[in-house]
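What follows is a single chain, given as structure tokens, in the form predicted alone.
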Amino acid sequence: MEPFSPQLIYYEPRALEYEIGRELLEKFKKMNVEIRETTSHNQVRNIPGNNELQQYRNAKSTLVIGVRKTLKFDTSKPSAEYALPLATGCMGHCHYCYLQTTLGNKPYIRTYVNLEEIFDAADQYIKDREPEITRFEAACTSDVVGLDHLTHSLKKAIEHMGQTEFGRLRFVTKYHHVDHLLDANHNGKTRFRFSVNSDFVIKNFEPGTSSFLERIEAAGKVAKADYPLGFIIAPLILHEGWKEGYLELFERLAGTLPSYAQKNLTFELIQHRFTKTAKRIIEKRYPKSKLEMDEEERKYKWGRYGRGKYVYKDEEASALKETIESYIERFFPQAKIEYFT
């Protein structure tokens, strides 16, 4: 697939106080993209479209160039201590995505240009925890790789973290546009993770993202660039032929990754889940989706704050867990399974 190219740009005037903000605006002027000014991302209005569904889809191709106002970082358990705020929103159209609810009425993409201030804040978090390692997750609210060919914010973050003693960076992506990141001076302090799945899941539930084979090829490039590498298989979905579909995934990964990269792999395994709120939004946004969300066929799992979600019943979840873990043991016996949830 082609790299993301926004169809509409909004910028906050304060963003032009930063060199990156000015560079981005000039770049988009040369690309002949429509550009509008906004006092704040909260004031973004008039997304084109004849109805709410069209406006939602157009918002997914709208980019806001802005300033990150709060430099208090959110926590990001279990994958990291803190979220590193480089961007918000995603250009993908994954039917099941949790951002459907967290960013439901603001699905446009935002990139932050005050990177030095963000990095200074990260350095302070690192300093406060020394000599413990402090991990930062850069993809909590965005697929930042899908945007970074335009902004290079992630590349700057990788190189900044590479110069720290006790800082570590991690992020996950569904995009294969990684070539500009391969020569970054990461010094082994960034774990580059790919969200992968069976070909069936990617084709049916992840439109607007890189294909099954594109992601695997990109993972091979990243491994050869000596990044620590990881994979999130999420959501694990019980579909017709799922065992064969996930087996093909592992066979292709094993055939692509160099042997030396296979010794430091991590896997994170997440079964499909949904909430009633998410189900309503998904059915509204993707009315033709074949995503199975039958509450009667699921188990209700209570979460924090008295809220819960629907996951697979115990027997089905166990089958998923045992099958995927057996594939990991077979193809990548030295890999670490960080969790199944």
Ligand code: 0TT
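Model, not experiment: these values are computed from the prediction. For every residue, the number given is its place in the sequence shown, counted from 1.
Below: the form predicted in complex with this ligand, not depicted.
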Checklist entry - Any of the heavy atoms of residue 193 lying within 4.5 Å of this ligand in the predicted complex? => result yes
Item to check | residue 268: touches this ligand in the predicted complex, heavy atom cutoff 4.5 angstroms | outcome: yes
Checklist entry - Though only this chain appears here, would residue 131 touch this ligand in the predicted complex if you measure heavy atom gaps against 4.5 Å? => result no
Checklist entry - Is residue 242 close enough to touch this ligand in the predicted complex, meaning at least one heavy atom pair within 4.5 Å? => result no
Item to check | The unique member of 222, 253, 172, 169 whose heavy atoms fall within 4.5 Å of this ligand in the predicted complex | outcome: 172
Checklist entry - For the chain shown here without its partner, which stretch in 223-231, 67-75, 158-166, 184-192 has non-hydrogen atoms within 4.5 angstroms of this ligand in the predicted complex? => result 67-75
Next on the checklist: Would all three of 22, 119 and 151 be in contact with this ligand in the predicted complex, where contact means some heavy atom lies within 4.5 Å?
Outcome noted: no
Next on the checklist: Residue by residue through 326-341, which ones have a non-hydrogen atom no more than 4.5 angstroms from this ligand in the predicted complex?
Outcome noted: 339, 341
